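As structure tokens, one chain now follows by itself in the form predicted alone.
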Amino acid sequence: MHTLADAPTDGRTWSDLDDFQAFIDAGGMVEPGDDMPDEFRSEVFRFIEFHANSELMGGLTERDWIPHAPGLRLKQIFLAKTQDEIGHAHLLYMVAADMGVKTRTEMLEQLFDGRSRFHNVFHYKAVTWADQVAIAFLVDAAAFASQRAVFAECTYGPYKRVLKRIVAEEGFHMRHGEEMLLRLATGTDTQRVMFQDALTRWWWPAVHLFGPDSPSGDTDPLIRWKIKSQRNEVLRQAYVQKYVPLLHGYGFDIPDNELHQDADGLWQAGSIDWEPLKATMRNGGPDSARRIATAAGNWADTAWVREALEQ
């Protein structure tokens, strides 16, 4: 069966981890047919599985709002966005499955029974339409920045090739978020209040998306093997520096009492409470149970389709 991971490869082998690291440092690209170290296979698989789970759960979040989108044009946009996110998930599950750690079915079943993880932002509930605007403006931008940083130097070939498409489409999602925010920012007082409330709910989850500071030195294997090109704190600071003035320019307040500009004029976030992020990683976020249960119900309800295709 042809898969996205198929690519010419000479089935390379390495004598030890030092030899493998030298290959990575020289700009080498790892392919599925290579005899990659177990440590690399395990870490990269876990990273891609997490990404796939997040795209799937994010798509289900968008799907929930298709009937509630205000107007036909926005319903069409959210329908297309849902299709994009689910499509990203399928591509990533294919790449992950080709690594031979778990099958696609195993990954999905473990996601739906709560044994697997997905991004923190999909453990929260969108309360109003303005929350969907905040998600599109804040969360899509954070995801775009993270994925682009991975794509920049990614040394696992199939993942890098799939990311090229995903990053391009996420860029459109981010632009859509900017357009929707502009409509609310220039709208009625009620619309502005709605978005300010949504911003208060979603600012910190978006900042948390980048994760806590990366381990010091070269102890982060994903950075050492050039799957990630930038440390978490660098991406997070760049995000704060870009989006604080944008939101201030639209006339909104950032829900961070310690937010300030340093001597160089750079915006610095206040102290970050990481407990909400840790709770989501235990699938104990504010809306985790409902989101996982809904996804599991969809999986169960469509079992007859999978069974029919297997016959």
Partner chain sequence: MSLTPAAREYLLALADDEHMIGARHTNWIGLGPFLEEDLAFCSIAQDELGHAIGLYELLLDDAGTDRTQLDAFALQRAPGDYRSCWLAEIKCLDWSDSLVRHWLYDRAEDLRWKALESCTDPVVAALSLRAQREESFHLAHAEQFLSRLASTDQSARIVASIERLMPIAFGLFDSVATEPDMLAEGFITQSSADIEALWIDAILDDLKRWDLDVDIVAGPGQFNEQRRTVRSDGFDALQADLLKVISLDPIAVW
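Residue numbers count along the first chain shown, from 1. A quick note: this is a predicted structure, and the numbers were derived from the prediction, not measured.
Quick note: we don't show the form predicted together with the partner chain, though the next part is all about it.
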Review point. Contact between residue 73 and the partner chain in the predicted complex at 4.5 Å, heavy atoms?
Key: yes
Review point. Though only this chain appears here, would residue 82 touch the partner chain in the predicted complex if you measure heavy atom gaps against 4.5 Å?
Key: yes
Exercise for review: With heavy atoms only and a cut-off of 4.5 Å, decide whether residue 210 touches the partner chain in the predicted complex.
Suggested key: no
Review point. Any chance residue 298 has a heavy atom within 4.5 Å of the partner chain in the predicted complex?
Key: yes
Revision key, fill the gap. None of 144, 203, 93, 124 but one has a heavy atom within 4.5 Å of the partner chain in the predicted complex; the exception is 93
**Study point:** Residue among 67, 245, 27, 270 with a heavy atom within 4.5 Å of the partner chain in the predicted complex
**Key:** 67
Review point. Do heavy atoms from each of 63, 104 and 305 fall within 4.5 Å of the partner chain in the predicted complex?
Key: yes
Point to revise | Per-stretch contact check against the partner chain in the predicted complex, the hit in 146-154, 221-229, 237-245, 82-90 (non-hydrogen atom, 4.5 angstroms) | key: 82-90
Review point. Taking the partner chain in the predicted complex, which residues of 176-191 have any heavy atom within 4.5 Å of it?
Key: 183, 184, 188, 190, 191
